[in-house]
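Next up: just one chain, as structure tokens, the form predicted on its own.
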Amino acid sequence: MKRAIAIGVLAALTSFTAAAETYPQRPITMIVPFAAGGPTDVVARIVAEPMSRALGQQVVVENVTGAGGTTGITRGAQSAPDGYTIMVGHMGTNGAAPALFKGLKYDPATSFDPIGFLGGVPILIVAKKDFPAKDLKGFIEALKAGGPKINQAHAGVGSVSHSTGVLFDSQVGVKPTLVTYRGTGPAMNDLMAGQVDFMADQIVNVGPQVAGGTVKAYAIATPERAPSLPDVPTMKEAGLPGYEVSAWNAVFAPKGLPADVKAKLVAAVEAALNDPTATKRLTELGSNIPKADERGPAALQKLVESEVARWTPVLRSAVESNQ
């Protein structure tokens, strides 16, 4: 009997070890906490393809929407830490969320195993095409003079356009009237129609409208100009050097992954960022491909901690002042 038990235990341990060594043995779910077709979803699907090849199993994107992306991230955080559920978070869900959502069921800095940084997407300050200011300096002067008469669009509390817009307002010392939309699409439609005055948003969303002349861009929040919009000055060139921000995306997993499983996921993200087709598609979207020393878990953890520290005072102040 003892021998049989020993053999059974050994067999179980052998089976467990083999399973760990051959991870993954089934498809992996990648939670995207936003609707299909949005910028984060597009980035996730681009990297999921080469990640699938690297892992030898399909990485399946699942869109779990709600509460500024925190619904999907919460589900991911509460999943088993076995490598079969990962998630794509961004500067809102894993940076700004603690300041915006009371009772948040995860801590961006402690509830996850960071896997890999996918890169940042530049932010632009854009206005309706007939806004009278000719440059950023004149635009800020107009905002200060207009006060609450100026309308600022955003895609909902916790969205990139909301967080980056509030940061801009805070830095230049203005308090426009915030107009909430159910997504960037309807916000941009009203901006093009002249129903609202301005907004902050990602180049992925506003680039085509700027290029087509249906909205006016005052500056881009990056150290260098965007190749796709060479006539749009950087914030530094336009006179606001402190406003540098991007809508970054990154891959996370529930806290407690086995070391070998985490290593395989980290390697898969690295493979995706080295894949020529993926990098070409990401670059065409306006995403900045991170350098090698910016991609891994340690760099991502540092980024998350710095982003929480950056956004918390700005957004809490905005909430307290009902902006």
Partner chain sequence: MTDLLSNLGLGFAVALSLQNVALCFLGCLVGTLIGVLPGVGPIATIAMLLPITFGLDPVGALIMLAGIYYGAQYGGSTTAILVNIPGEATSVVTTLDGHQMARQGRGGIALGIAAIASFFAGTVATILIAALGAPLTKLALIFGPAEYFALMVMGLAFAVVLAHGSVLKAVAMILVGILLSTVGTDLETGQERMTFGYAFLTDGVDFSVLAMGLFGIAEILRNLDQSETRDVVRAQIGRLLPGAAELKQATPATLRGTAIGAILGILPGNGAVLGPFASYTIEKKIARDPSRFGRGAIEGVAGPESANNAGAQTAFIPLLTLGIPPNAVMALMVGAMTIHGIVPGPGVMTKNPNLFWGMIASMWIGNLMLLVINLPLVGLWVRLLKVPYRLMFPAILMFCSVGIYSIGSQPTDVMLIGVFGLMGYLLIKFGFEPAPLLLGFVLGKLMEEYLRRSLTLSRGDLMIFLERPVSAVLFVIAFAIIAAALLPSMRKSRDEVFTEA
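Residue numbers count along the first chain shown, from 1. Just so you know, these numbers come straight off a predicted model, no measurement behind them.
There is also a form predicted together with its partner chain; it is not shown, and the following applies to it.
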Open item on the list: By the heavy atom within 4.5 Å rule, which residue out of 236, 225, 216, 75 makes contact with its partner chain in the model of the complex?
Closed with: 75
Open item on the list: Residues 150, 177 and 204 are flagged as a possible site; in the model of the complex, is every one of them within 4.5 Å of its partner chain by some non-hydrogen atom?
Closed with: yes
TODO: Flag residue 182 as yes or no: does it have a non-hydrogen atom within 4.5 angstroms of any non-hydrogen atom of its partner chain in the model of the complex?
DONE: yes
Open item on the list: If we define contact as a non-hydrogen atom of the residue within 4.5 angstroms of the partner, is residue 67 a contact of its partner chain in the model of the complex?
Closed with: yes
Task: Any non-hydrogen atom of residue 240 within 4.5 angstroms of its partner chain in the model of the complex - done: no
- [ ] Would you check, heavy atoms only and a 4.5 Å threshold, whether residue 193 touches its partner chain in the model of the complex?
- [x] yes
Task: Listed range touching its partner chain, judged in the model of the complex by heavy atoms within 4.5 Å, from 196-204, 131-139, 117-125, 164-172 - done: 196-204
Open item on the list: Just to make sure I understand: among 26-45, which residues lie within 4.5 Å of its partner chain in the model of the complex, judging by heavy atoms?
Closed with: 36, 37, 42, 45
